[in-house]
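Next up: just one chain, as structure tokens, the form predicted alone.
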Amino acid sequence: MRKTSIAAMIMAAAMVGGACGSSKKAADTTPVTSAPAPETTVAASPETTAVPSPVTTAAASAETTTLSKATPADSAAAAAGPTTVGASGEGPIVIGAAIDLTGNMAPFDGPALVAAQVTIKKINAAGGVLGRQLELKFIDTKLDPAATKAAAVDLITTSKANVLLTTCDVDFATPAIQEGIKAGLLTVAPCIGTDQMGPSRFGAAGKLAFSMGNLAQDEGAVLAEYAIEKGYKTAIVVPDNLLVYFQNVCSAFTKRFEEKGGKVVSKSGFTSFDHSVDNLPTVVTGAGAADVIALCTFPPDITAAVKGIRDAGVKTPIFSPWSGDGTFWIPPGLTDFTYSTFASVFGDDPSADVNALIKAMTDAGKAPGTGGFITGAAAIEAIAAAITKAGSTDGAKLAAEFEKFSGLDTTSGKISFSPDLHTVFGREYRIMTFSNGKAKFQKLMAASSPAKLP
């Protein structure tokens, strides 16, 4: 399958981690024995380190972390609202996570899991949800489809999960998503970025599926609006045809840029891993002069794309979605590269809550390397808020509360869903720019609305 070969190539080319020492057949509340993959540590001048493995969890109690420091002053308590005492003898609310900790999704799933654990500890210290403690159990799927399905089944049947978390790519996550919604559970992905996490892909049962990632139509729109704000009037749009997410972000950029009066002079793309990225400098130079290049791809081909463009003498500013976050991929001295992300891990995020969460993770030796970690915290906060409002862990009732969320306050900012859109929109993005190889926060910016795609 193409996905399998992609995973193998990414792991070989960029970020391979060791195998997990625990069995995939048991809900894993023991630590992963090796770090999944390299990421970037949080510092004023970033340096490469290992992707954070999950914080150690206690197998015999609902306590989910062993962080020695106080957890961050995040918005979990506000999101969950006041708690009430649960029925006598009720056990913990179990959140099961079928995620990747050793494959090519580890740089996304691993940090989100750690942030989720930190947030659960915060909520539990404040009394839990409806008087019950939250307990997180996870299994490393290693992106194997059969193992992913088995992990979900094990979490649902053996661990009695009340809510299911899945990996951050909808194709890789599908075997787990299908099991979660079939069992009637609220099923949440921390950072899938397309509108496929819901009824559009999974039919009527997909009403139980949501993602805390940024909707591609929203993310592309905010990049286009920022480009217009900068005074750019012409654009070259370069989508990576490998994933729907990349295509949707670039299509949304095109749609909103043209709606705002901009002109797209070229929309030729490439496909990761087939070496077509090598033709990108010719495509860009052949398109003629433009004010900005919108590039929608990810490592390792983003490195070849950006380096090829700059080596061809093209100094045009390049815009990227969240897939361009981090420093583990950048060519030396990268300049005029702007991207949108969930949070800045470079010590300059404007939110005290975000910085406190980064500090807690860093102090525990699990420093995030991209802003995507924040969605793990937001997922737990949203789940806690839905359970509190519904007074229940019933999947359908929780999904109904998720669809009502409009500007829900989370550590990741204010988030919204709707009956049609089960991926977050309305969140304020961090607009970041690399100059001389260093990233710097520019501004907070929300899209005026998601771009409407065919």
Partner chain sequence: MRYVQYFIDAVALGSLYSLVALGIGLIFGVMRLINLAQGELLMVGGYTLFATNGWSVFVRVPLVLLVIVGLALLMERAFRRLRSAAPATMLVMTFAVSFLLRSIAQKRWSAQGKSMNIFSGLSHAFTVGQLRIRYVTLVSIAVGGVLLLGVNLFLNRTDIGLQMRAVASDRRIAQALGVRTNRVVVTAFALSGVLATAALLLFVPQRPTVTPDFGLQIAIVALIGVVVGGMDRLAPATFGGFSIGFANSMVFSLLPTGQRVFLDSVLYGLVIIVLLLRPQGLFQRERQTTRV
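Residue numbers count along the first chain shown, from 1. If you're wondering where the values come from, they're calculated on a predicted model, not measured in any experiment.
One more form of this protein exists, namely the form predicted in complex with the partner chain; it is left out here, but the text below deals with it.
> Tell me whether Asn241, Thr285 and Gly308, taken together, all sit within 4.5 Å of the partner chain in the model of the complex, counting heavy atoms only.
Per the other structure, all of Asn241, Thr285 and Gly308 touch the partner chain.
> Among the candidate residues Ile228, Ala304, Ala290, Ala364, which is the single one with a non-hydrogen atom no more than 4.5 Å from the partner chain in the model of the complex?
If I apply the 4.5 Å criterion carefully, the residue I get is Ala304.
> Among Asp348, Glu259, Asp336, Asp278, which has any heavy atom within 4.5 Å of the partner chain in the model of the complex?
The residue in contact is Asp278.
> Any idea which of 372-380, 212-220, 101-109, 128-136 reaches within 4.5 Å of the partner chain in the model of the complex, heavy atoms considered?
Residues of 101-109 come within 4.5 Å of the partner.
> Can Tyr232 be called a contact residue for the partner chain in the model of the complex at 4.5 Å between heavy atoms?
Output for Tyr232 is no: heavy atoms all beyond 4.5 Å of the partner chain.
> Check Lys267 for me: does it contact the partner chain in the model of the complex (non-hydrogen atoms, 4.5 angstroms)?
Yes, Lys267 lies within 4.5 Å of the partner chain in the model of the complex.
> Please determine whether Ala183 contacts the partner chain in the model of the complex, using a 4.5 Å cut-off between heavy atoms.
Contact with the partner chain, no.
> Gly91 near the partner chain in the model of the complex, any heavy atom under 4.5 Å?
The answer is no: Gly91 has no heavy atom within 4.5 Å of the partner chain.
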